[in-house]
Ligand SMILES: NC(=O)c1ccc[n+]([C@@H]2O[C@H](COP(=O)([O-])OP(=O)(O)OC[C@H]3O[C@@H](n4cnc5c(N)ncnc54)[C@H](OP(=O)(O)O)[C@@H]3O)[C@@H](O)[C@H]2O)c1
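For reference, the chain that follows is the form predicted on its own, supplied as structure tokens.
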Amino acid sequence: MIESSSIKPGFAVVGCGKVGTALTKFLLDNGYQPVGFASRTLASARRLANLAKNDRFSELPWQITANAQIVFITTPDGAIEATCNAIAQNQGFSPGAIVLHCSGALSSTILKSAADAGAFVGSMHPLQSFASTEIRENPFLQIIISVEGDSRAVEASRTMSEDLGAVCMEIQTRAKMLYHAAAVVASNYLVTLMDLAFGLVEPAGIARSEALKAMAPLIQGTLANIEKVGIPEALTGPIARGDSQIVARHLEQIQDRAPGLLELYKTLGRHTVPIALAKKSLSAQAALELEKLLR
């Protein structure tokens, strides 16, 4: 258990890649004590130990985790559970330790072997992309860090998140995968959505290389409106107005000039109709017409 104290607890990192490196650098900056580092390759563990000015590193994680108050398992998702099991089998968790992984998709339940060994388990996921182990500026500053798990693990994660300069949000363990799906939609599928927009504007004469410049103010304005007035009120355009004639002409033009994009456009349109109804800018009759058109 982490006691309230001016002395920050000792932490070990298992998995010395981009996330493990970022956590190490900025926890150190906030007074947390490095206990040791382990990675699949000794060179990675040594690199992070050198960064932390620490001489304890190993390819065998249980050699460096046993005395840590906090253990981060920052391996790739597919290796988290097996790594945790191996540490537990080798008595590498001290009773009362906080054991955390940083996967966005997986919940704390995959750390069961650590819990069985007397540790408190949780997940602490920074809603951020980490591009490199060469980090200068704090990537945690003002981002969301989502946490779930045992109450003591959540409490420790919240303290560390705040120390890192992030905003901590607690999520439900049983819905962790839905949280990850939401992040995929907001990040990955935004790329897909922009590809759709660029693919539609290209036949109109705007090159893909110029499309972002053309649409960036519209994108930024829409995001600002969502933040200011919420999703239903931020919705504009032909579906919000119930203008089925314009939507029908969109479909005709897409079918003629970019038929491969038609189904995605129609799918997005169908999911936009309920938002327009929530805005109360669309009549029930107009909604039926649009749904029939977009079927």
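Not measured: the values here are computed from a predicted model. Numbers for residues come from their place in the sequence shown, where the first is 1.
One more form of this protein should be noted, the form predicted in complex with the ligand, which is absent from this view; the next part is about it.
J.: Since exactly one of Gln69, Asn54, Ser244, Ser44 fits, which has a heavy atom within 4.5 Å of the ligand in the predicted complex?
T.: After the contact test, the surviving option is Ser44.
J.: Please identify, from 188 to 196, 209 to 217, 71 to 79, 160 to 168, the stretch that has a heavy atom within 4.5 Å of the ligand in the predicted complex.
T.: So the stretch in question is 71 to 79.
J.: Does at least one non-hydrogen atom of Ser146 fall within 4.5 angstroms of the ligand in the predicted complex?
T.: No, Ser146 stays farther than 4.5 Å from the ligand in the predicted complex.
J.: With a 4.5 Å heavy atom cut-off, would you call Cys102 a contact of the ligand in the predicted complex?
T.: Result yes; Cys102 sits at the interface with the ligand in the predicted complex.
J.: Can you tell me if Gly17 lies within 4.5 angstroms of the ligand in the predicted complex, counting non-hydrogen atoms only?
T.: So Gly17 counts as contacting the ligand.
J.: How about Lys176: is it within 4.5 Å of the ligand in the predicted complex, going by heavy atoms?
T.: So Lys176 does not count as contacting the ligand.
J.: Does any residue in 125 to 154 get within 4.5 Å of the ligand in the predicted complex, counting heavy atoms only, and if so which ones?
T.: Those in contact are His125, Pro126, Gln128, Ser129, Phe130.
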